[in-house]
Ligand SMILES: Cc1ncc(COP(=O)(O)O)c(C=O)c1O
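Okay, here we've got a single chain as structure tokens, the form predicted alone, with questions on binding and movement later.
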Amino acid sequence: MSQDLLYERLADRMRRQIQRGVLRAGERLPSLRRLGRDQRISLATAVEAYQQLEREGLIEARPRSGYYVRAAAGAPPRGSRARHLARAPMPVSNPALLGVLDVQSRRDLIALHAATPDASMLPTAALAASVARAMRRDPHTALSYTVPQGLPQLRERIAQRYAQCGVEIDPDEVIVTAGAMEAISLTLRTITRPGDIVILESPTYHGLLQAVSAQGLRVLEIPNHPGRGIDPAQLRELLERHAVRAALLVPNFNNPLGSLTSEASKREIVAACAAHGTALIEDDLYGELAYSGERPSPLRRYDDGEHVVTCGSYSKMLAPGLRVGWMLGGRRRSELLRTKSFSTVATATLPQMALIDFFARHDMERGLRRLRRTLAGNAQIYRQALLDHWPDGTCVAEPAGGMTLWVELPPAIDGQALFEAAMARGIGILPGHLFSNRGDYAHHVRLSCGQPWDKKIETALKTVGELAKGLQG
């Protein structure tokens, strides 16, 4: 039997298994060597079979991880370029933002609404041990104020991590904060004044809208396209029309779309803002959570510290409750540090000491590889479940990283109504209109794929799908 026929027969058999659901979305396939051994074929034949299925979009190769079954293609959510570019700047006016904290504070819901990884995916025990050691070693320092800028060893660690993705940072420009949201809020407070215009992506994370609202700023929305983020040409068009003080962007795995802006577009975005004197505030919260395993560059890579302030946090990769984040201040370091000092004086010392201890004993990259693989698998499995069990016509964005899924419902289904029906069944999701200044995306919802896939999650997704079908009827 010829080599060609062997690989074609194997690919055809696996294709049918994927189509029938025997091999499910997100499932890891046997390694090439194991496939060759089990099927009694050569390694070259196994490679040809997998490459054929990859060309057909049925499976995907993940660096240093192996081959996985992909979710069904499904149409991505549609864009809305003209509507957003025609708008005038206006204050944050979405009343639904006032109620989102009530949902987030509930602990009785199946947490499809919470964009945080489950504790089982994080090094919880190791961090708890580091907290205990920090307290035993130096309780006086752990429970005292530290310098507003943060502990030097931690700032060095943050600078070293950025150096690994091509960004040379002086540890002296790193300012430790109580999470990324404090970093963003402090940067807005330093750079802007009430009434200034700030560009935000649409859709964007509702917390960024709340931060902008707190400063009394006006929002100018720019379309955020599934898979590729914002268009630099559209950004230049807005900058030429309006006196924009700052752009608050999430180029790496935007919440809710999970879009990744290309490196070429990032370079253009930085250049456009620099040419118009517009400050760039970068939310780099999800930058380490690339499903491919390759950490994309932050915007700061294409800036000399003059225009970009990059904000980040350990919340999504180590522990949300430690509340340790940072700002890379560049030339604004002194102003940002002054704002930080006048606001919260200093970030809590004990979590910083615990992280220093943790990094001295553990390889963060090893844990991140495991977390990325889990989230990538979850995204595929969740997405397939939505396509299988939700109404016909449902469109799901395919994220490149992070832990959120953006879902466009058929026009007859209202996202708020589905949110309320799911809440009544003990299931948390978020309605799409939370992710726009003017309450757009009435027929969208956002889900998190940060919970481990199990029968409870599968049942919850099926339940919400049935509720959506009922609303459609």
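The first residue of the shown sequence is 1; numbering continues from there. Quantities reported herein were computed from a predicted structural model and do not represent experimental measurements.
This next part talks about the form predicted together with this ligand, which is not shown.
Participant: Are any of the heavy atoms in residue 323 no more than 4.5 Å from a heavy atom of this ligand in the predicted bound form?
Facilitator: Output for residue 323 is yes: heavy atoms within 4.5 Å of this ligand.
Participant: If we define contact as a non-hydrogen atom of the residue within 4.5 angstroms of the partner, is residue 372 a contact of this ligand in the predicted bound form?
Facilitator: Because no heavy atom of residue 372 falls inside 4.5 Å of this ligand in the predicted bound form, the answer is no.
Participant: Please check if residue 181 has a heavy atom lying within 4.5 Å of any heavy atom of this ligand in the predicted bound form.
Facilitator: Taking the distances in the predicted bound form, the answer for residue 181 is yes, it comes within 4.5 Å of this ligand.
Participant: If you check in the predicted bound form, is residue 316 within 4.5 Å of this ligand, heavy atoms only?
Facilitator: Because a heavy atom of residue 316 falls inside 4.5 Å of this ligand in the predicted bound form, the answer is yes.
Participant: This ligand isn't shown here, but in the predicted bound form which of 386, 115, 219, 127 has a heavy atom within 4.5 Å of it?
Facilitator: The option sitting close enough to the partner is 115.
Participant: Check each of 162, 358, 302, 205 and return the one that places a heavy atom within 4.5 angstroms of this ligand in the predicted bound form.
Facilitator: Exactly one residue meets the criterion: 205.
Participant: Which of these stretches, 264-272, 277-285, 149-157, 235-243, has heavy atoms within 4.5 Å of this ligand in the predicted bound form?
Facilitator: Among the listed stretches, the partner-contacting one is 277-285.
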